[in-house]
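Consider the single chain below, provided in structure tokens and representing the form predicted on its own.
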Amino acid sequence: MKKLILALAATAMMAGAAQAQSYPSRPISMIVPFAAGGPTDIIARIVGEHMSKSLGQQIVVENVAGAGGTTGITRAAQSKNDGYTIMMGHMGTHGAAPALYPNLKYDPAKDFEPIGMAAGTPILIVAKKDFPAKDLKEMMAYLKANSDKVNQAHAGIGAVSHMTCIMFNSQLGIKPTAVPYSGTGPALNDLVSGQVDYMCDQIVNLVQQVKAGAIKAYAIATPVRSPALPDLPTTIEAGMPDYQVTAWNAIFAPKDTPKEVVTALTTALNKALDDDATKGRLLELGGVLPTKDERGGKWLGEFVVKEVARWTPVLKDAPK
């Protein structure tokens, strides 16, 4: 009997190894928890295209939007952990969500196998084109003096524009009227038309309107300037050095996905980030790529823990 048990165990191990070696043998679904055309979706498609070539199987993007991205991530977390369903999480779904959604059905730090960071998208502070302040220092002074009169747009609870402007307003000590929209598109349309005063959002969404002069940009919340908008000062240069925030996008798999599968996915992601054409497309959008030290699942797992700790006190009691 003992020999039989050992033989069965050995057979199971060999079967598991064979399965891992043959991975992937069919297309992989990547759940993007936001609508098509947004920054997370764009990054997922750019990175996924090259990963498909490396893996020899198509990565099919599936958009599952709702509840600040938590609907799609919840579904992905509950998927079979065989490597054929992965997800593109971001700062909101894996950093801010615990503070914003008390009944969240997943734990960002415990319910996933981190694959790796894909790209970050810096945050810009922007306003309608006729906003009276000429630079960030003047903007800060104006907002403090007129906090009860100005309004600030965001793309809905849990959106990057929501979270990052809460941080911005908190650092200034102001409580403007928040105007929520169903997405970035309508919020930006009203900013362009002057119906709202200012907002904070990802460079990917704003660079064209800034270049066209349709809105006014005051600073980018990164230590160095962006090649996409080289004339725009950083918040450090402009007088608000503590406001440093970049929206990030990273790939995760459901918890207990086999290590061999996780390794295959991480390797494919790293190859994508090393590809000149892929890098060029991400940088053209204003994206920030992870350094060599910021790659892989170990770093990402530790980073998620830090992000939850960072955002929870900022968002827990903040006005919605």
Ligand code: ASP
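Residues carry their position along the shown sequence, with the first being 1. Note that the coordinates shown come from a computational prediction; the quantities given were computed from them, not determined experimentally.
Omitted here: the form predicted in complex with ligand ASP. The next part is about that form.
J.: In the model of the complex, does Thr74 have a heavy atom within 4.5 Å of ligand ASP?
T.: No, Thr74 sits far enough from ligand ASP in the model of the complex that none of its heavy atoms falls within 4.5 Å.
J.: Using a 4.5 Å heavy atom cut-off, state whether Phe34 contacts ligand ASP in the model of the complex.
T.: Contact check for Phe34: yes, within 4.5 Å of ligand ASP in the model of the complex.
J.: Is Ile203 close enough to touch ligand ASP in the model of the complex, meaning at least one heavy atom pair within 4.5 Å?
T.: Contact check for Ile203: no, nothing within 4.5 Å of ligand ASP in the model of the complex.
J.: Does any heavy atom of Asp41 come within 4.5 Å of a heavy atom of ligand ASP in the model of the complex?
T.: Asp41: yes, in contact with ligand ASP in the model of the complex.
J.: At 4.5 Å by heavy atoms, is each residue in Val192, Gly194 and Ala214 next to ligand ASP in the model of the complex?
T.: No: no residue has a heavy atom within 4.5 Å of the partner.
J.: Among Cys165, Val126, Ile220, Ala155, which has any heavy atom within 4.5 Å of ligand ASP in the model of the complex?
T.: By the 4.5 Å heavy-atom cutoff, the listed residue in contact is Ala155.
J.: What is the one choice in Ala119, Met87, Ile115, Val160 with a heavy atom within 4.5 Å of ligand ASP in the model of the complex?
T.: Looking at Ala119, Met87, Ile115, Val160 one by one, just Val160 meets the 4.5 Å heavy-atom criterion.
J.: If contact means any heavy atom within 4.5 Å, which of 127-135, 141-149, 168-176, 181-189 contacts ligand ASP in the model of the complex?
T.: Result for this chain: 181-189.
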